[in-house]
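Alright, here's a single protein chain in two forms, structure 1 and structure 2, each given by itself as structure tokens.
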Structure 1
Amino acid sequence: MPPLSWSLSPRSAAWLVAAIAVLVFANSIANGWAGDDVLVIMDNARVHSARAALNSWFLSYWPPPYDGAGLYRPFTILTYGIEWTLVGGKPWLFHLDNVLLHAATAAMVVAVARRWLPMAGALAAGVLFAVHPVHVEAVSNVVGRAELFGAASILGALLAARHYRDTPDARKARAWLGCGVAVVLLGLLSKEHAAIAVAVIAVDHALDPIPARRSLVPVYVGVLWVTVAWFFLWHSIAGDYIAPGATSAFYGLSWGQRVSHMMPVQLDLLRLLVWPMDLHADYSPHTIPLRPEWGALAWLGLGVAASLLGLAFALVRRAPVIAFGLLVAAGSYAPTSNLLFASGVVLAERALYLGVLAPALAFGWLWAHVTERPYRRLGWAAGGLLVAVFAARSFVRTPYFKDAPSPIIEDAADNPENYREHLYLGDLFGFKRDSARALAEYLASAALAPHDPFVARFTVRAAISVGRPELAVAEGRRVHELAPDDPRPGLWLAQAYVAAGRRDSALAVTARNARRLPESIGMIHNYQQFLDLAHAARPRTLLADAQNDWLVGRLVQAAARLDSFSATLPASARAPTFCDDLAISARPLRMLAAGVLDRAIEAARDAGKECEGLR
């Protein structure tokens, strides 16, 4: 008796896979807000109406104070705003849409695989993709929407490119071209990973067994054009790839040390794709131990990664579907791999969403071959058992994200060595207004990760809230020494000094940072803030404000402030910090008011000071 899937049409197979995906993940519709859902959606006024979401189109993805994380996803934010408007902020619609989007993506996997596999294999690939447990985080957390959109847009653009090169009708070809480019644009506005769409289309084109009817150059040009345009838009709004120190687990490590740590992580990556039974919400140190020194595990990880890439190229002719899955998985993982540049995470299950194509397509290839042979009953039994186990694991895992406290408490119990879990526990106690226990968790996190200066954002705040300002000062000093070039630790130290009643010390530390890094807007902003708090003399505030105007390009305002500063001479030259204040604003003084600078130096000399290095 032939397998039932052989008699299915491609459309029926896609619908069947979509239905299986909905069935396995339907229980996530009952989930509430968990993980980053709280910051990005529940507590974020930008998504509490469609109008607010549209007004935020040119703002970064994360709300303040996390908006320096280098992400720009306005279309994802817009979908949240629309859903919030429709149901008044009830989470069920958000989760339902995630499930439907995952189902649509799984259905597209069937269409992608059908190019190389018989119907049985394409169906098997789609089913495994639909039920894979690594997907739970992306589907069950609403913020996983970005991953789903990114993957759907890449596969959608690939299918559009296939239709473009297959159709004999020139008018339809133009329509498919426009559709593909539009899908890529929506993907880019939803998730940065969609930038690999042009590479995925190229790999698919190279491995396609069917000769193209027309050149794919217009597709490449169109996709590249929107990708480059998006890149400049993203960069202008969200800054560089990621803010300095955002990957705080790697803070202070060189590129080589970071790679040494990430090589063993490739073994965890392989395990998650092949046998994802042990899952975690967070893989920060020391759930995965920090290994900055090259060792045997690093060599093993490098060997595994190189072998898989070598296997992909070796199978280009014999099993192009497996080669395609491996290459796309590698490309989708690369932006968060920390190998090319530091990303925001060590390892995240949600970032492996499209990477599941590798095991899914390999499974489909094996299924197609096994079911054609005499021992197909054994193949059906083994394959069916694997799918059933994966589906059960996903179904059981989904309620793990039912609310904000659940994953925090369970992960902290399972992984007490993970320093970030103690941060999350501290936040949870803080929400319950148990400041003492929150401080204890934050200090435990700092003890587990003394190299991460950004834990002090929590320890300093909590120490101040429980009336321990000297502890806050000690923590502030420690982290300021770890990250002297980042404005945030300096700000936290200054806040601790204020809480301890030492406003002069707060102003001194921000002034010292501003002198050392006068081109850092963050340092200047901190300095301005504490000048105002200390009710500093007007000449100091004029110079600081002029430096800020210079940095943001307000040259007319900067020149006007320097003119006002000139009117305070020579009396202001008697201030003990006069030369240091001039040094902070040296560039605008030289470029916009050389005469004022000359007068200031002469006034300082008359007051018995030598302001060296200013001319």
Structure 2
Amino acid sequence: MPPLSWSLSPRSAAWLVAAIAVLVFANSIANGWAGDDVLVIMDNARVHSARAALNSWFLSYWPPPYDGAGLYRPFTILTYGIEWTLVGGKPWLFHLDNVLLHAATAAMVVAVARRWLPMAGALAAGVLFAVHPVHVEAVSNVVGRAELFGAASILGALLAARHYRDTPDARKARAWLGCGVAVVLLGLLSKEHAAIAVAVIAVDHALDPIPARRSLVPVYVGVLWVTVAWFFLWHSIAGDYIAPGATSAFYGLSWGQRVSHMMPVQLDLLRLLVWPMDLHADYSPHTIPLRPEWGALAWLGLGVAASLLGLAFALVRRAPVIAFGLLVAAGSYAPTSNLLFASGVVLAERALYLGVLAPALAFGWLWAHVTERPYRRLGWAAGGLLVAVFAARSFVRTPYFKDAPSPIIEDAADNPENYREHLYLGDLFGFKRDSARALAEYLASAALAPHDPFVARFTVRAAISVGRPELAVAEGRRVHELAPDDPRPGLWLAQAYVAAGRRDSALAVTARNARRLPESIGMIHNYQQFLDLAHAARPRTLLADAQNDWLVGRLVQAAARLDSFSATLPASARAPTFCDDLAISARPLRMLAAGVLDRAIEAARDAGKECEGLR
């Protein structure tokens, strides 16, 4: 029996794969906004017109107050802006575009695989890539667009590089060179993962069985040039800071502990690529339990990861297509692996989008291998069944992202051990003004993740709103000890004290924090806020305000306030907190008003106090 694909041209095979991708994910067009879609698109004015999106070109991906998340994806934002302009914010076009982009990427997989595989194998690889259930999160949730663009740009650049080195025509070669570099640039402006494009092109080049007609160095130089420029821009705009909230699953863990936690995750990763039937939107603890110590699972995870890498190198000559898939999967996973640096999540299915190349190309290789064997019918049947199961799972999974509450409710029911799911559920109850149940969910979350101080943002607020201030104080105290250098837990504790009617305690805790970290604007703001609330004496307020002015560069105002403070001497020196108040504002006193500082220290001495270490 002849193989199915004998009658297919490469172009037809690509179209066929694209059509399968569209069919399998067509039901996502009925989805609405879910997950991060709400913050990034629905409620984000920056994407509500193409012009607004263009004006936001140099702003970070997330809108305020989440803009410290370290992401910069202006091209993705621009596509949202254009779509919003075209259909007035209806989600169907966003979903349709995601499906089409996924279809185009799957078609490119056929073209990529064709270099090493016969048409039947390339087609099989493309089909498996098209229907793989891990893609549901990237394709059926609009914000998965970034993953799709990133992967499409990497494969597009790879194909352009192949054309560049294959074509005999120098002018066409230059056009392909420009095209490849431009595609990488768009990819970089869509998703950070496109930074691996140069490595993917190099791996493809190294494994290519066809000798190149020309040196690929101009491609490498061009791609590296835009990658370096993008990195510089990205780092300047969004790369300085990853919000602690985004990495709170790893809060307080050292690099070694993070790595030991991530090693067992390699097993989940492998499972998701090979048999992705059990899918989750969030793998925070304890969907994947927190394991900061090296145990048997960590060693097993390390062994599996090392074996797969070893396999990739071992197969470079015998099965380069598998080697290519494994190496690209490893490269595409590396940025979010948490092994090099803490990314925002423990594991995300959307981040495996390009990683699916590994099982897809291996499947294509197997298909091609089986085709030449007597048991090919059995092989085709098994392969066909696998594809059908995957397609069915994807189709069934897609409505999971139909609206914002559905994934939260479903995941919370399926994964009661996941602390973040309880936070989301608490938010949902809070949105419905059911504060008591919101509090219960937040407390459940805090009990599951006592290491994450940022859960208290929710527990404290909810406890206050249901009239349980002592619970709020207990929570506030607990997390303030966990993150003493972060102004936020200090603020939550102070708010809890105020709710409990203990304004002095609130002021004392903020004053202590301000004294410990006087250069922290957050700590000083907290302190000022509670000085006002406690109707504190004017000299204290003047010193705190002077410190705040100093920190934000209002030196004229700071000098004037210190002048006014000077007029309160020596009477103000009798206050019991006088030396501590001076310590908070020691820097502006030293730099702007050394004479006032001297007088204050003298006045304190006259009042029987020794303010040490201030000069």
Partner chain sequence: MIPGGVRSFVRSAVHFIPPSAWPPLCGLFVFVLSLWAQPGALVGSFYDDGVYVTLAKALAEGQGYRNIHLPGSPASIHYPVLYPAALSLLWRLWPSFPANVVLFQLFDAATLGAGAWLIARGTTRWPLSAPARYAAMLFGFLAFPLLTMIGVRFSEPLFLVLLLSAVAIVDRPAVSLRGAALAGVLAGLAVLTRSIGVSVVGGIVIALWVRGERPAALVSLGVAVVVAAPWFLWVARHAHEVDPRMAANYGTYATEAGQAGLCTLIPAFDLRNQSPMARLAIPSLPFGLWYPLALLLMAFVAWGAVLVWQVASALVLSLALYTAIVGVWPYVPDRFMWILTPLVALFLAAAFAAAWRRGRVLRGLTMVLVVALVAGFARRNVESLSGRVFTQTAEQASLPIRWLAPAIEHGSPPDAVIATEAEAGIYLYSGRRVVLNSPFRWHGRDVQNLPPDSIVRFYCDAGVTHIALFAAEGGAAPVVALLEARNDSSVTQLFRLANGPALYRFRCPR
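None of the values given here were measured: they were computed from a predicted structure. Here the rigid core means the biggest group of C-alpha atoms that line up within 1.5 Å when the two forms are laid on top of each other. Throughout, residue numbering runs from 1 along the sequence of structure 1.
Asks: Where is the form predicted together with its partner chain shown, in structure 1 or in structure 2?
Replies: The chain shown as structure 2 is the form predicted together with its partner chain.
Asks: Which angle, in degrees, describes the smaller rigid part turning against the larger between the two structures?
Replies: Rigid-part rotation, C-alpha based: 15 degrees.
Asks: Where the rigid core has been superposed, how far does the Cα of residue 543 end up moving between the two structures, given in Å?
Replies: With the cores aligned, its C-alpha sits 8.8 Å away.
Asks: Given the rigid core as reference frame, how large is the C-alpha shift of residue 517 between the two structures? Answer in angstrom.
Replies: After core superposition, the C-alpha of residue 517 moves 4.6 Å between the two structures.
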